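So this first bit is one chain, no partners, the form predicted alone, shown in structure tokens.
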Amino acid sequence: MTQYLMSVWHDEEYEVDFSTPDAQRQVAQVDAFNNELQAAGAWVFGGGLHPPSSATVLRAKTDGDVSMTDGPYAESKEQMGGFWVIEAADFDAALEWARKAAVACEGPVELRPFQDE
């Protein structure tokens, strides 16, 4: 089976207040989706990310050292907010999981296959 990355994208200003009814509804939807993925044997790994401001970028230098900068790698209006790694028999099956993921998290989901080993 092919593995796919399903990444969730948010506006760069996106922050969740988990105490709100909207956030609680989305959490319940994503939990139900995660349970469905696991029951189907499609789940490999998944998780939500802290805001882009928590990111650290490491860059290799020509002298073998590494530089570090705070913040996300790319300055963009949209940043990855979470992801799933799934296994699916084919692209159509992965596309159906991505459709369900977008509905569950109420946001855009990018589907991308992993390269073959």
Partner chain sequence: MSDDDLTSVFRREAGRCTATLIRVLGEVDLAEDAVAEAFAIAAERWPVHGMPPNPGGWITTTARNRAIDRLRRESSRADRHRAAHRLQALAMEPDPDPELDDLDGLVDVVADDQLRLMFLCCHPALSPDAQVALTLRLLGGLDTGEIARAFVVPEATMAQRIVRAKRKLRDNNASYRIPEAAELPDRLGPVLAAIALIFTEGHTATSGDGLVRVDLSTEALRLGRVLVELMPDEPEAVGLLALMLLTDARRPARTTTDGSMVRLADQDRSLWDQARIREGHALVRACLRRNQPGPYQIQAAIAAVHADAPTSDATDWSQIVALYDQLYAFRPNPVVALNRAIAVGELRGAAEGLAALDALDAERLADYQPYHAARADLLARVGRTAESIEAYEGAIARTTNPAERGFLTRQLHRLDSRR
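Residue numbers count along the first chain shown, from 1. On a predicted model such as this, the values are computed, not experimentally measured, just so you know.
One more form of this protein should be noted, the form predicted in complex with the partner chain, which is absent from this view; the next part is about it.
### Query
With the partner absent here, would Y4, D92 and L95 each sit within 4.5 Å of the partner chain in the predicted bound form, counting heavy atoms only?
Yes: Y4, D92 and L95 each sit within 4.5 Å of the partner chain in the predicted bound form.
### Query
For the chain seen here without its partner, which of 84-92, 65-73, 24-32, 45-53 has a heavy atom within 4.5 Å of the partner chain in the predicted bound form?
The contacting stretch is 84-92.
### Query
Are there residues in 16-39 with a heavy atom within 4.5 Å of the partner chain in the predicted bound form, and which are they, in order?
None of them.
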